[in-house]
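Heads up, the chain shows up twice below as C-alpha cells, two forms, tagged structure 1 and structure 2.
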Structure 1
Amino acid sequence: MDDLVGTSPAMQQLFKDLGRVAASHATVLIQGESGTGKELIARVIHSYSSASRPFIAINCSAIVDTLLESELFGHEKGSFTGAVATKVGKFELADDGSLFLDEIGELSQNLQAKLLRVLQEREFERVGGVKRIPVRARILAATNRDLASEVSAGRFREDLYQRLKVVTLSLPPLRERRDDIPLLVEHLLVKINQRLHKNLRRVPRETLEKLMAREWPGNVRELENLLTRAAVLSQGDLLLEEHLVQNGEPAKAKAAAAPVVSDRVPTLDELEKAHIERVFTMTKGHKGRACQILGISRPTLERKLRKYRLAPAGED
C-alpha cells in the first residue's frame, strides 16, 4: 500500500474502494491506461486479503495463443507433441490465493470461451486430461482497453465481461492527477536512489513545474523511467532540467536540433535500434545502467544487441 501515492480526489476514492474490495473474495476487473499501476493494485488487493497465499500473475498478451491454454490450465503428459511431462497450470499454482490475468483484453475468442466456462463452473481440466480440478483462487483481471467498447465491437464476449466486472476499479491517468506528481517524484526518487546507489533528492520548483506540465502518455511508469534516466545522468543530489530526457535525448538538445523533413517513416526495428544506441551513448556503454533505463532484462538486452549487431564498449 505504501507504493500507492496520491492525495488527489481520484486516488482517495481508489483507496476507499480498495479497502472494501480487499475484504471480499469477489472477482475484480482493474481498468487503466498502460503505466497506471494495475498490477500494483492487484498485489495490494491480494496482500490485504490473502497475503500468506500464492499470488500468480500471467500476461495474456505475452504468450502465443497455442501455449496460453497450457499456461493457464496445465497439460497432461503426452497430450501434444513436446508434452514430455505433466505440467501444472497457473490456476492450480494459485491454489487458494490470487490469480492475476493481466491484459485480459488480448485473449482470443477461443480462450475467452474456455475462461468463461471456468469462471462459471469454478473448475477446469488440464489440456489432454479428464480429471476436474476445482478453482479456489480469487480472480483479478486487468486491461488497458475499454472492454465495454470491445464488447460492442464484437471483439470481447459480453458474458465473460459480465463475469469479470463483479467489482471494477478504474485507475486515473497521471495527467488527470497532476497535483500528485510532486509526491510521486519524492517517493520514486527514494526507490531509485536505493536501486542505483545515488543521492538525487533535491528538485527545483522549476523542474517540478516542467514535470507537472507534461501529458505523460506512459503515466507513472513513464515518470519513473524519466527519473531513473535523470539519476543515471546526475552527478550530485540536484535534479536539473538538462537531466530530463524525452525519447532518449536531453530535452534541451532535442529542442535545439534542426527539424528533419522526410517522407519515409522508419520501421519499429529502426526506431528501437536508434533508441538503444542513444541509451548506450548516455550511459557510456554501461550495460547494467542501460537495462535499467530501457526497462528490460540483461538477456533481453543481449539478444537485441545481437539482433541489431551493436557491440558497445563499456562496463557491464
Structure 2
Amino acid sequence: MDDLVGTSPAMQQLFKDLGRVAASHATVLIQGESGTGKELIARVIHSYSSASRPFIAINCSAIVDTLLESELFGHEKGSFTGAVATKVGKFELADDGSLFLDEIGELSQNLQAKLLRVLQEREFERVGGVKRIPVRARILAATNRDLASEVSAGRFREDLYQRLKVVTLSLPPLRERRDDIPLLVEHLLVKINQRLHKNLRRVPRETLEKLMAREWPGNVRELENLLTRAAVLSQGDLLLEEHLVQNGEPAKAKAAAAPVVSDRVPTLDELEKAHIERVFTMTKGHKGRACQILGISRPTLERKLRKYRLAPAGED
C-alpha cells in the first residue's frame, strides 16, 4: 500500500476495508469521481490477493459494443467478417488473476445482459464458439457514476448491480479530504521527480494552503497533472506558486460563458459547437467523460468533433 496515501478518516477507513477485502476472492465495485484513484485501488487489491497472477484491465467505454464483446470474451476464427484468427479475450487472459472492468457504468444493455450471465454461471463461450470456458478471475469493477441511481433511472440492470456490489469501496472526492493534500503533494513529488529527473523538495507553506483551498474537480489526477506541469517549469528544488497558477481558472470562466454571436441569435450548430467545447474544458479533454455529460455515444462525438474541427488536447 506504499503507493496509496491518505491520513484523512475517510481514507483510513478505506484502508481498513481494503485490508479486509483484499485477501478474499469477492467481487469489488469501486466508485468515485474521476481521478480519485479507482484504478490504483484495483491494483492494490490485486497485488494483495494475487500479485504474481495477471492483472487485466479493460475500459468498457473506450470501444464500440461488438468489439468490446470480443475483447471481453474472445472470438473464434471466422465467427464474423474480420475475425481472421482466434482471439483470446480478457476473461481468459486474466486467468486466475484479476479482471478490472473500468467504467462499467458505460456498458450497453446488451453487454450488461451478457456479463450478468457470465457472472452467474462463472462460464462463458468465445464469440462464435461452443466450448464453455470457466471464469477463474476475480472481478474488480469501477465507475465514476452512481450505479444505484443508474439502476433507478433504468440505465443499469439491478441484477448485475447486485452481482457487482458484493463489496463496494467508495473513494471520496479530494475536496472532502483536503487534509490529505500535503501528504499527496509530497508523495506525488517523489514520483514526479523520478519521472522527470528533477529534485523538487519543497512547497512553500502558503502555496500548500492555496492548494488545499482549491476545489479539485479532477481530484488526485488533477493535482498530479498540476504538479507535473509545475515541475517542468521550475528550476531548483523549490516549487513556486507562480508555477502552480493554472491557466485552467481563467480559461474555465471564459469557456463557461454563453457563446456571444454579436446580437444575432446563434444557430443550433454554433450552440452545439460551443457546448461541446465547454464540456471538453470541464473534462479536460477526456472524451469518455464528455460523452457521458453530453449523453451521446463515442462515434457520435467523434463525428461532431470532425464536423466542427474540434481537436481536444488531453488524455483520452
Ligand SMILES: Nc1ncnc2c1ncn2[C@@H]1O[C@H](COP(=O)(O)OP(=O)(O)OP(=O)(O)O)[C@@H](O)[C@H]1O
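Note that the coordinates shown come from a computational prediction; the quantities given were computed from them, not determined experimentally. FYI, numbering is relative to structure 1, first residue = 1. If you superpose the two forms and keep the largest set of C-alpha atoms that fall within 1.5 Å, you have the rigid core.
Of the two copies shown, the second one, structure 2, is the form predicted together with the named molecule. When the rigid core is held fixed, the Cα atom of E272 travels 2 angstroms or more between structures 1 and 2. Taking the rigid core as fixed, one finds a CA shift for K16 smaller than 2 Å between structures 1 and 2.
Relative displacement of the L301 Cα between structures 1 and 2 on rigid core alignment is 19.0 Å.
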